[in-house]
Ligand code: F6P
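Coming up is one lone chain in structure tokens, specifically the form predicted on its own.
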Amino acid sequence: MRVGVLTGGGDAPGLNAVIRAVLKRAEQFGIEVIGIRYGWAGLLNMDTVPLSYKDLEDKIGEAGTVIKTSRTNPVKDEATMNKCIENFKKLGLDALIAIGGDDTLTAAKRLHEAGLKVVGVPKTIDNDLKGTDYTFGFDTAVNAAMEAIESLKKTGEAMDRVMVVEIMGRHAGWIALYSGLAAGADLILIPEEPFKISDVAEFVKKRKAEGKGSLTIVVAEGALIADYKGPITKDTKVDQYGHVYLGGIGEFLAKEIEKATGFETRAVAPAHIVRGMSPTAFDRVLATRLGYAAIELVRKGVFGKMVALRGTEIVSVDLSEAVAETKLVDKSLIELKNALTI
């Protein structure tokens, strides 16, 4: 049996741990594994590399992905899809393990419907994939963001500044909410709750009047401003899936706060720092369990599924269920956030 494995979309801490587990279990059953480089681009360009367990044996704690990644869309048109199917056959693949988020797994679903034998592994630091309780990389991102927020709180206290920290999160505010709560942020703004600039300014004035010297505001990059058309962006470029490149809401908000309140305000965006951290123990173990489960599905001939964490168990769910809708922050967590920060 010959199995391909690829990583698509943004990198996440734990990708190498997934591939490592796939290779270990595959070698125990004599299954050949080839890495498809740069995500779906590798399948389109026949860019592959042979993989063995010894290649990743000591990389369980290494961030990034040894087989590279990209945001290439393999299903943007019929010709591209047909090329993927044709190259799958040319490579002599019996199955494909696609590790990625919503876009990667949506493509995997469509290719499976077109006849490819595909198994998905959920990957996104945003933790916004339906069908799994947690995605690997999220825990690491939260811890990295928390440490960044705590550091910025200290420098803000030294100068009595308002610090605005922009955290990744396009459609859902999981990282911003978890890291903000963990770091004791004064205010957390997430995509699930559009906000008004005037309300934020009044919040800052109120807390300052109460004697608060410095304030720390955490804002998800995809947070929406009420009465403002769309998210804040630095440019109008879009990727192959049609997503605009986010970034800039922190800087925008900081300027508006300073203008409305007169208090010195600074904005910082840790951005890709949270992607490149060595995975936490939780993420290493979760990634390992998911990689093991993925190759097990391949061995059993079960395709069109995504492996997932439900409670403490690893299960499989239909790819169609996994990408049906975005997993937003639970209302109970939003209530908790608001009770502790407003």
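The shown structure was predicted, so the numbers you read here are calculated from the model rather than taken from an experiment. Start at 1 with the first residue shown and count on from there.
Here the subject shifts to the form predicted in complex with ligand F6P, a form of this protein not shown in this document.
Counting only non-hydrogen atoms, which stretch in 290-298, 50-58, 25-33, 271-279 is within 4.5 Å of ligand F6P in the model of the complex?
-> Contact-bearing stretch, as computed: 271-279.
Contact residue in the model of the complex, chosen from G131, G169, G100, P74 - any heavy atom within 4.5 Å of ligand F6P | Residue within 4.5 Å of the partner: G169.
Heavy atom within 4.5 Å of ligand F6P in the model of the complex - residue from I217, I125, A145, L111 = Result of the distance check: I125.
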